[in-house]
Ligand code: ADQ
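A lone chain, given as structure tokens: the form predicted alone.
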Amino acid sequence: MDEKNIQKSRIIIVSNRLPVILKLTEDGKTEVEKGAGGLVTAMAPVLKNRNGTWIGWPGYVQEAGVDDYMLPAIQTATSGYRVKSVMLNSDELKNYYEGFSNSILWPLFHGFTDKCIFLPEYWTSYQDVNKKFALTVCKNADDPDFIWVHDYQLILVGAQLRKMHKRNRMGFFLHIPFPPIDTFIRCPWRFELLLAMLEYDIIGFHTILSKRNFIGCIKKIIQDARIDAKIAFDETVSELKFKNRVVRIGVFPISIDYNEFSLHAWDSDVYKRSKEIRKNAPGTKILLGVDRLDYTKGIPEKLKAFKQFLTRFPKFHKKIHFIQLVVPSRREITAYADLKLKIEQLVGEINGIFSTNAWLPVQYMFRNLGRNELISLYRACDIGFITPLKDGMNLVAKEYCACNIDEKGVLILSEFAGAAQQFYQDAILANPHDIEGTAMAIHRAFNMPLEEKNQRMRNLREKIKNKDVFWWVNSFLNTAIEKNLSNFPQVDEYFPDEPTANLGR
């Protein structure tokens, strides 16, 4: 397929979820709304312009057949491009989604190997559901179409499509970290997963580290891959030659719609609400954490660091107020229910020790917030406190900076968030495992001079503005369709050849 045909081709997006939100009304009916988020915002105009299709699970279980009542409403919510639903039954949801995706790949790729449950039935279901997705793609993709598959739930889709003799150009983007070899080899299906990823024409990661980890696993586990590293566009892009095919591997840090958040932060209702939030914490600086309920987010460690800060610096009592928003997630999984209990115990402990009649150190919220309320929190707070134990990127950090229109805020960011690769010069980096060090990061942020705050936040906002979510989409697609990288200089980016153990099958 030549470059002209690719440029004229349709785009087929494949993700675990369709870009819709299902809401239950008071009278028991289900309403469908257009989804929010950076990926939906960025991809919608691309799909509209390219007569594209989005394929995914609509978010509800259907034991047999297709719910004809819901599908028209789903299509209406995503006007401008087609959507095709892949239905899952309760067993598939349990074994493919809760099982292989979130009890194997999610903890494994984030380095929590002790939480992995390597059950063979999970792997069987993962294969079956990925094949189900591939069949839907096969029915809706013509030969010139570019197929872009997203995230860890659907790694096998490309390989399944190749088995169905689809020769389309295909891309894959991993939205979570890729682990190092000593972690990845614990997976019993490591060989099959890597071979499946090599069926794509382009593979994207958020960070150089994830890309290096992936190539390191390829060199150790897949013996006959030859890797050439080249520089393309403003990112490092490598070409991997494998079985007479060329696979491009690139670094494309995802971002947000900067203008949407920045402009929303100027809204009069947001301004009014942010003033109310500040009024409820008079004479204090507000420290804000926004995290999904997940063991990768480091919420207990964050609370322990705040407790250490209050213990070590009693002069700041009544001068700081910590708002921690936890967004509900996967509450049916025992580990998440246990995490929620641990967080609540720590919040109660801190407030029990330090609170007074006039001052509550920690305000804990466990719920979803609307867009206006969230942006109002971003505007009201003085310090963004984002310290995951491991994160592919972390868009909350970018949202906070985009909404910090007065440029007086400070960002405390984990070293282990993907965003640290872009923000290390201007955020205060912290190791969330180092409770004492994170407490000192809070102290540093609290006492930072205004001029330094302004300069750091201005730099952070400029980086997000220059590389927003639309830049992310364009950089991935441009790399996918670039005819060759032969004009770019070679770089010795990776490892010298060395004896490798036979870690495959």
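The numbering used is simple: start at 1 and walk along the sequence shown. Please read all numbers here as calculations on a predicted model, not as lab measurements.
The same protein has a further form, the form predicted in complex with this ligand, not shown here; the description that follows concerns it.
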- request: Select from the listed residues V362, M393, I343, V83 the one whose heavy atoms reach within 4.5 Å of this ligand in the predicted bound form.
  value: M393
task: Consider the chain as shown here, without its partner, and state which of R367, R312, K243, K319 has a heavy atom within 4.5 Å of this ligand in the predicted bound form.
output: R367
- prompt: If we take heavy atoms and a 4.5 Å cut-off, which stretch out of 116-124, 290-298, 263-271, 211-219 is in contact with this ligand in the predicted bound form?
  reply: 290-298
message: Against this ligand in the predicted bound form, would A335 count as a contact residue? Criterion: heavy atoms within 4.5 Å.
response: no
- prompt: Hey, in the predicted bound form, is L195 touching this ligand, heavy atoms inside 4.5 Å?
  reply: no
- request: May I ask you to state whether L303 is within 4.5 Å of this ligand in the predicted bound form, using heavy atom distances?
  value: no
message: Under a 4.5 Å heavy atom criterion, is E399 part of the interface with this ligand in the predicted bound form?
response: yes
- request: Decide if the three candidate residues R10, M70 and A73 all line this ligand in the predicted bound form, where lining means a heavy atom within 4.5 Å.
  value: no
query: Going through 237-269 from first to last, which residues have a non-hydrogen atom within 4.5 Å of this ligand in the predicted bound form?
result: I254
